[in-house]
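First comes one chain, alone, set out as structure tokens in the form predicted on its own.
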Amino acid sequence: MTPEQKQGIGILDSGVGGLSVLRHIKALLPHEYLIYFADQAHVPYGPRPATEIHQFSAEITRFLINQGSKLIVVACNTASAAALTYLRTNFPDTPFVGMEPAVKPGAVYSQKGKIGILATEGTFGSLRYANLLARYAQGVISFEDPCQGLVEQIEAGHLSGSKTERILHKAIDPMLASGIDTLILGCTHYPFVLSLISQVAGPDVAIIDPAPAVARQVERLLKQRDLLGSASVPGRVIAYTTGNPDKLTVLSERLLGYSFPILKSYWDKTGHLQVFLMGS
């Protein structure tokens, strides 16, 4: 497939979290063709070793390129932390946009110099995250929590309820007691429980979601490379999942308010991705 034939923006995540990025890209670039990939067979990525995430991310990248992606968004903080440099090295002809906790704007915004960061174990344990703190969080005290179990709750569609609320109180209450005035969402799943996070954090805490900035970076890169989609062509979305397409359809409609085709993909015995075709 030649560069001229590549018309899509590939978006990858371990599950539904990347849909929080997709919605901002779709709103900003309504004429683009978006190809979403949810590796729900392996969700969550947070506790997995970096080498495993390299393997998954590289194979998904190959898949998305084969489906016509001209740019790929690694819409997963954990995968970005573990594999973004690896992907850029191994796919030098493909532009990538990754995710990272918005430490820089959080540090600038905070009046008290105390910020809370909600992310996964994989993000917190990465060199990329350590470098982020070293560069932008000098003079700022940061409080971290992996919100264990929250990704699984969101994947199951439990966006409210006592268990989800308990997870958030356990993570955020100690941060509030320590005096934070800014809370950074460092996992793309977490914006889908923003209303509950806001309720727990209270009105005096600013909450920062990096997804809108990621969408703007996608637009900048496409303009720089003269890859923007034609305004005369209507945008569309297609998705693939290694999980259950029916469940993803129901949840995506709930999360985004609209539906799109979702196809079943699976990992074969050699570690490559295949698309399940009806009747095959």
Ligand code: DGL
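In this text, all values refer to a predicted model and were calculated from it rather than measured experimentally. The first residue of the sequence shown is number 1, and the count goes up from there.
This next part talks about the form predicted together with D-glutamic acid, which is not shown.
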Interface segment, criterion being heavy atoms within 4.5 Å of D-glutamic acid in the predicted complex, picked from 69-77, 169-177, 129-137, 200-208 | 69-77
Tell me whether L22, E32 and A215, taken together, all sit within 4.5 Å of D-glutamic acid in the predicted complex, counting heavy atoms only.
-> no
Is V43 a contact residue for D-glutamic acid in the predicted complex, using a 4.5 Å heavy atom cut-off?
-> yes
With a 4.5 Å heavy atom cut-off, would you call C187 a contact of D-glutamic acid in the predicted complex?
-> yes
Quick one: is L87 in contact with D-glutamic acid in the predicted complex, heavy atoms, 4.5 Å cut-off?
-> no
Exercise: V193 in contact with D-glutamic acid in the predicted complex, heavy atom 4.5 Å | no
Residues in 211-246 that come within 4.5 Å of D-glutamic acid in the predicted complex by at least one heavy atom, in order, are none
